[in-house]
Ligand SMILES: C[S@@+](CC[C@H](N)C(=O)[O-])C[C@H]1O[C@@H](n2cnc3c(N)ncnc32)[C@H](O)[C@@H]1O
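As structure tokens, one chain now follows by itself in the form predicted alone.
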């Protein structure tokens, strides 16, 4: 339930990717749209977009809850600046902050929406306790995150090249559920596997760079990767081509709706 994540690297990487992220984020948008459909039919006063990124879902959250104040929070200052400039909506606020130490008052948020953000957190019990703290009684936490099979082809190819960690590692659904405090009740859980297809490996690696989704694990290899290792990596990935010749990249996605009861 605890991962070694370099949060400064997360913030810097996504800040640098603010201008290119939306151009390659089709999967991320699809996942977020599916998550929007899981929002509760309620009339919240305050809504939080946790890990708002470029602010793509700000107008959609405002449309879903037009009378609510919308708080957009992200660890990456560059993303927040982009969101504020390009996705400004009425009654919106932008805060640079950490999901594991939310700069928000107790019981202050009625609905928390978080699409593909919490996988960058280090400690799930700490995260979920922060969610519980800021949620108002009767509030909802609706999130999508990534599971351990995400980019498994990329991981397997690198494992044949060297012994270093090159690919982000994500936690299982069981690890997420076991980290929940008793006061957060699971209303719904869904799991989905999406396989993206590319003509060439470079299309995938370029896309990951434009998304800012580099390896965020602390303690991985630094410096240049040797030519021979890169050659072994590419050859190993080529062996995973599908029968139609496409290069696959798997994403394992979890969707969840959590509820904080009116009385604990």
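Residue numbers count along the first chain shown, from 1. Since the model is a prediction, treat every value here as computed from it, not as a measurement.
Another form exists, predicted together with this ligand; not displayed. Remarks below refer to it.
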Task: Stretch from 179 to 187, 130 to 138, 69 to 77, 154 to 162 whose residues place a heavy atom within 4.5 Å of this ligand in the predicted bound form - done: 69 to 77
Open item on the list: Taking this ligand as it sits in the predicted bound form, is residue 10 near enough to touch it, meaning that at least one heavy atom pair lies within 4.5 angstroms?
Closed with: yes
Task: Exercise: residue 145 in contact with this ligand in the predicted bound form, heavy atom 4.5 Å - done: no
TODO: Look up in the predicted bound form whether residue 251 has a non-hydrogen atom within 4.5 angstroms of this ligand, and give yes or no.
DONE: no
Task: residue 126, heavy atom within 4.5 angstroms of this ligand in the predicted bound form - done: no
Open item on the list: Within 4.5 Å of this ligand in the predicted bound form, counting any non-hydrogen atom, which residues from 119 to 143 show up?
Closed with: 120, 121
